[in-house]
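Only one chain is shown below, in C-alpha cells, and it's the form predicted alone.
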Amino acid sequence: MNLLQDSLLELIRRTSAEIPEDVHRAILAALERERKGTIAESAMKIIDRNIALAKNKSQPICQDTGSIIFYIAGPVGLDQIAFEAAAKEAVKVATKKGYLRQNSVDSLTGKNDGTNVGPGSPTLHFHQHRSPEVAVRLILKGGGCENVGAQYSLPNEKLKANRDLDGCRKAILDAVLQAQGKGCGPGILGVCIGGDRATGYEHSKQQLLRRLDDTNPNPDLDRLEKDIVETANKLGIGPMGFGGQTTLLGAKIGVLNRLPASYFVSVSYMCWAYRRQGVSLAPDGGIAAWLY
C-alpha cells in the first residue's frame, strides 16, 4: 500500500469512528441543557456513550457509514487521476476492514458488490489553490439525514416567504419543522442561499466542512445562523423528535450568486453523528496534520 493510500485509509477510519472535538463539545453542552430525567436527556446520554464506544473500539459511530464525499484542495499539478485511484483503493480496504459498511448499491438493479466503489461512490471534489499544501477533507453523510434535506424556491406563498433574509429564515425553519427529529437529530444544517438547484445543494454541503464554533464573516449571515439555532431549539422537537431543548447543534449558511428568475434556498441536514474530518498531507503523501 502506498503512503497516500495509507493516509486516506486512516482518514476514513478516524472519520467513521471519531466525532470531531467541536461537535463533541456541542453534544456535551446539549446534554447539560436538557432537563434531568427526560427522554431527551436519556437520548443525549445514549449518544454520548455511543461516541465513547465507537472511539474506544475503533468502530463506526453509526451503522450507516453514509455517502463518502472527499474535498481535495491542492496545487496546480496535483495528479487528480492518481489521487482518485488511491482514494478508491482506500475505500475498498476500509470497507474490507469494517470501517465502512458495504453501503453502495446499483440504483437500477439494487446489486451490492461489497466494495463501496462505483459511479458516484466515492465522490471527489477537487479545488486548485496557489499553496503547495494538499488538504483533504472527508464527510460521511448518512442516508437518513440526506432524506430530510430540502430545497425551496422563493417566493413561497404557503410560508409567506419573500426573496429576502426573512424569507430564507422561514424556509430554513420549515425544513427543520418538516424533519420532526427524523434524520437522527439533533442535527446540523448546511444552507446555501442562491445558486441553481445543483450548485445550491453542493454549496450547502460544503458548509458542513466548517467548525461548529466558527463565525460567519458576513454579519447578516452570522446573525441568521445564531437565530436559526436559537429558534429551532424552542420548537420542542428535541433529540430524535422526543421533545426537549436541542433540535439543532448548529447552522452554517453560505451564499452564491443567482439568476434574477431564481431564488433557491437549499438545506442539507447532517445527523448528530457528524462525521467530518480532514488532513494536511506531507509531500510524500503521509499525514502532516489533522485539520479538526
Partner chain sequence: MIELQTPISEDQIRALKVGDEVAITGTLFTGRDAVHKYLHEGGKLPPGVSFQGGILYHCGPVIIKDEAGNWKCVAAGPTTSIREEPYQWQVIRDFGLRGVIGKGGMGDKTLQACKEYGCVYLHAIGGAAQVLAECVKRVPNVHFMEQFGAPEAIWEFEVVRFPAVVTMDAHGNSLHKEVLAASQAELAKYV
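Residue numbers count along the first chain shown, from 1. What you see is a predicted model; the values in this text were computed from it and never measured.
Keep in mind the form predicted together with the partner chain is missing from the figure; the text below concerns it.
With the partner chain left out of view, the stretch that reaches within 4.5 Å of it through heavy atoms in the predicted complex is, among 25-33, 66-74, 49-57, 251-259, 49-57. At a distance of at most 4.5 angstroms from the partner chain in the predicted complex, all three residues C184, K234 and W272 contribute at least one non-hydrogen atom.
Think of it this way: in the predicted complex, the partner chain has a heavy atom of just one of R137, K88, R210, R169 within 4.5 Å, and the residue is R169. Contact with the partner chain in the predicted complex, defined as a heavy atom within 4.5 Å, holds for exactly one of T199, Q128, N218, Q102, namely Q102.
Remark: L173 counts among the residues lining the partner chain in the predicted complex, judged by a heavy atom distance of 4.5 Å or less. The partner chain in the predicted complex comes within 4.5 Å of no heavy atom belonging to T115. Within this chain, Q151 is remote from the site of the partner chain in the predicted complex, having no heavy atom within 4.5 Å.
Not displayed here, the partner chain is approached by G144 to within 4.5 Å at the level of heavy atoms in the predicted complex. For the partner-free chain shown, nothing in 15-35 comes within 4.5 angstroms of the partner chain in the predicted complex, judged by any non-hydrogen atom.
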